[in-house]
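Next up: just one chain, as structure tokens, the form predicted on its own.
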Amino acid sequence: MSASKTKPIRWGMVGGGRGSQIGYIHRSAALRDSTFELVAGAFDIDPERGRAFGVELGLDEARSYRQYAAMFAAEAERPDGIEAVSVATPNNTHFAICKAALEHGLHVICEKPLCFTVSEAQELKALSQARHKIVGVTYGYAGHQMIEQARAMVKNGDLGEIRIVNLQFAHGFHSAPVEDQNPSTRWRVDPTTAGPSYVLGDVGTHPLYISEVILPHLTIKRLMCARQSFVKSRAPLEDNAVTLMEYDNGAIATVWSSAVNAGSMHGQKVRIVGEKASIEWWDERPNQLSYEVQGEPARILERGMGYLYPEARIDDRIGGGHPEGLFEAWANLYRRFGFAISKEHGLAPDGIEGLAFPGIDAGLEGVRWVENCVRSADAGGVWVDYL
């Protein structure tokens, strides 16, 4: 599918400045298909450092702002002001920045978690609906093509009735207290900046959202969660958690969220078990999907091949055999954000109605899941209804 037929969406950033790994991938993804054009930014909590960084990126110095509030106000007065903004800042700032952006009539693309509480997320949802603005959440792994293949296989009954869902994102990079020497990790284990959880919100919500894409017909009925702080200085935030869930159709799911899985690079896997067959996706080999039919040899489905469902080939960029990675996945999501924004203005190309993207509801459900996991764990790992 080609990019939007309209002019690039005028786009700004809050955060994502010098040394920010996530800021670089936001810019690379947004600019890849010329769907967005970076014209303004407030990139750093240090005003001068942020201003200088924006100039280095090629922005007009007058539009490289020292604070996000100043950017929103000034850009609103310009006939060529920004139309959308991405938020790539620590967790505790997301709600205020997203709310301010929506109040200034901007579409918003935000890092997860969208905010800290369900009530805050519901407030943002109501505001986005009232202003007719898109809120996207960067669950970037969901932009991989094989996720759409898995979704189509479930929809078309290839697996039969779904029985078991095993989810994990369990890396080992924080198996020691690396935050003692690394400021970019330190805020993630501080409740004042990270919020009510560490790994549940930081990594666990990624495979959870992928499961929601693949299994949109399933609804969580209740869950129970146990969480641990193996690096004791991180308490009360967890660096490991195990969640058990029940769906409304009787299926069950497990979610292992961890930063202390020593030796693991990423360890993000999604396995869906049906009555006839199972599928499994691993983000370290994102171009493949394992397909295992009971009584038949296991097979590996490859990205970009003609035997895939059409939904899985919509985002194909280079054809089968050539590997695509995280930058392509993020670019696919940003293109979908762009299509959704264009649709709000009646300018989107035809044929996008079936494209899924992580919007305001995905952000809200991620917050709801973390809130329920924490509620269960802090009560001693008891079952809680999924409210």
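Residue numbers run from 1 along the displayed sequence. On a predicted model such as this, the values are computed, not experimentally measured, just so you know.
Omitted from view is the form predicted in complex with a small molecule, to which the following refers.
J.: Counting only non-hydrogen atoms, which stretch in 309 to 317, 212 to 220, 246 to 254, 82 to 90 is within 4.5 Å of the small molecule in the predicted complex?
T.: Careful reading of the contacts points to 82 to 90.
J.: Considering non-hydrogen atoms and a 4.5 Å limit, which listed residue (P113, P286, G136, G143) is close to the small molecule in the predicted complex?
T.: When the small molecule is considered in the predicted complex, the option within 4.5 Å is P113.
J.: Looking at E148, D202, E75, D239, which is the one with a non-hydrogen atom within 4.5 Å of the small molecule in the predicted complex?
T.: So the residue touching the small molecule in the predicted complex, by this definition, is D202.
J.: Evaluate W187 for contact with the small molecule in the predicted complex, applying a 4.5 angstroms cut-off between non-hydrogen atoms, and reply yes or no.
T.: Yes, W187 is a contact residue.
J.: Considering non-hydrogen atoms and a 4.5 Å limit, does the small molecule approach V367 in the predicted complex?
T.: Heavy-atom contact with the small molecule at 4.5 Å: absent for V367.
J.: Although the partner isn't part of this model, could you tell me whether F357 comes within 4.5 Å of the small molecule in the predicted complex, counting any heavy atom of the residue?
T.: Contact check for F357: no, nothing within 4.5 Å of the small molecule in the predicted complex.
J.: D44 versus the small molecule, in the predicted complex: is there a non-hydrogen atom within 4.5 Å?
T.: Yes, D44 sits close enough to the small molecule in the predicted complex that at least one of its heavy atoms falls within 4.5 Å.
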